[in-house]
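Read the single chain below, which is given as structure tokens and is the form predicted alone.
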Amino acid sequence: MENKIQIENVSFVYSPGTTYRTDALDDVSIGFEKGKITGLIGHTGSGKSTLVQMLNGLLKPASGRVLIDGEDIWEKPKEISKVRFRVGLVMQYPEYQLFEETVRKDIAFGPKNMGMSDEQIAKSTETVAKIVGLDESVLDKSPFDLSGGQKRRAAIAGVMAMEPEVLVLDEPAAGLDPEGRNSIFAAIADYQKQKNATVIIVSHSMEDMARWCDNVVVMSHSKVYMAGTTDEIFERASELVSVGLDIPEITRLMMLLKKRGLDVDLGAYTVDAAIASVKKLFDENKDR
């Protein structure tokens, strides 16, 4: 396993030296695997959003290091802007950051500031528009004439257009209906496959983590509580509940069946896996 980004013994404090002091991150060490989608979950105030703002240098650790490909991003502070092109960060409700006259110009804003050629910008804009599901007919419209879901896709496309090696998204589907959520996550997964990018997604939805992520990192009280593959994390569903996190409804059902004496697989966190587990149990009992 090769990590694209490594956090080493990072701590961060808001309002140090005041009565409002808050320890947002406390000696956190974690790696994010190259070319994988990693989910970052935890209750409100667990440190998730602070951690992702460390990844592209929006926040600087009070102590510890943030490494990309083994290099400390703060080794040359004057070049931190270059890190922000390598690590694209999509904040919550990014559609509020749309400001250009047209969707096309908004998507092209980042690449233009990177110094891409007009030809590269045009190609990248069209590519990411297709990835996020924006029809070419809307590219020359004002972003303010789009629906809420279209605005979200346009804002995410603006970060994708810079072709970052790492794409970090903080609650990318917040406030969207189920169809909108699936559309956004499918676009993110498509980008990851096409670019072999490293993707980090912050979400409160365990259903989304279960469906879309290869790995999961669980934060609790400013520390990493557990980390592993999605299978490994959801096998420990009872521990997730103990730190105040929700779990997929399928996992909850499997835990209930287990409690009632059925030997089902507690690691089944998708509908297909749960059906397979129950069918296996049924077939075993049928043969007895």
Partner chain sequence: MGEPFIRVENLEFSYDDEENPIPALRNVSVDIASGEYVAVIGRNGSGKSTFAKLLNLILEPTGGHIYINGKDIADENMTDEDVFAIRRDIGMVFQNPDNQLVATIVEDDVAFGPENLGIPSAEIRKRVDEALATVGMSEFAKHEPARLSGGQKQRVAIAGIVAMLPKCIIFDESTAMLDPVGRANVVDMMEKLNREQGITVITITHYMNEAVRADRVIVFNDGEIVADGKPAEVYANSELIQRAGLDLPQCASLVEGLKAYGISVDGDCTTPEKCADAILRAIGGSRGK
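As the structure is a prediction and not an experimental result, all values here were calculated from the model. Residue numbers count along the first chain shown, from 1.
Below, we refer to the form predicted in complex with its partner chain, which is not included among the displayed structures.
**Q** Indicate whether the candidate residues 176, 249 and 253 are all in contact with its partner chain in the predicted complex, with contact defined as any heavy atom within 4.5 Å.
**A** Per the other structure, all of 176, 249 and 253 touch its partner chain.
**Q** Looking at 130, 204, 195, 141, which has any heavy atom no more than 4.5 Å from its partner chain in the predicted complex?
**A** Among 130, 204, 195, 141, a heavy atom within 4.5 Å of its partner chain in the predicted complex occurs only for 204.
**Q** Of 236, 65, 223, 43, which one comes within 4.5 Å of its partner chain in the predicted complex, counting heavy atoms only?
**A** By the 4.5 Å criterion, the partner-contacting residue is 43.
**Q** Closest heavy atom of residue 182 to its partner chain in the predicted complex, within 4.5 Å or not?
**A** Contact with its partner chain, yes.
**Q** Given that its partner chain is not shown alongside this chain, does residue 262 nevertheless sit within 4.5 Å of it in the predicted complex, heavy atom to heavy atom?
**A** It does: once its partner chain is placed as it appears in the predicted complex, residue 262 has a heavy atom within 4.5 Å of it.
**Q** Would residue 227 sit within 4.5 Å of its partner chain in the predicted complex, counting heavy atoms only?
**A** Flag for residue 227 set to no.
**Q** Check whether residue 30 has any heavy atom within 4.5 Å of a heavy atom of its partner chain in the predicted complex, and answer yes or no.
**A** Result no; residue 30 lies far from its partner chain in the predicted complex.
**Q** Would you point out which of 31-39, 240-248, 215-223, 66-74 contains residues with a non-hydrogen atom within 4.5 Å of its partner chain in the predicted complex?
**A** That would be stretch 240-248.
**Q** Though the partner is not shown here, which residues of 270-284 have a heavy atom within 4.5 Å of its partner chain in the predicted complex?
**A** 271, 274, 275, 278, 279, 281, 282 sit within 4.5 Å of the partner.
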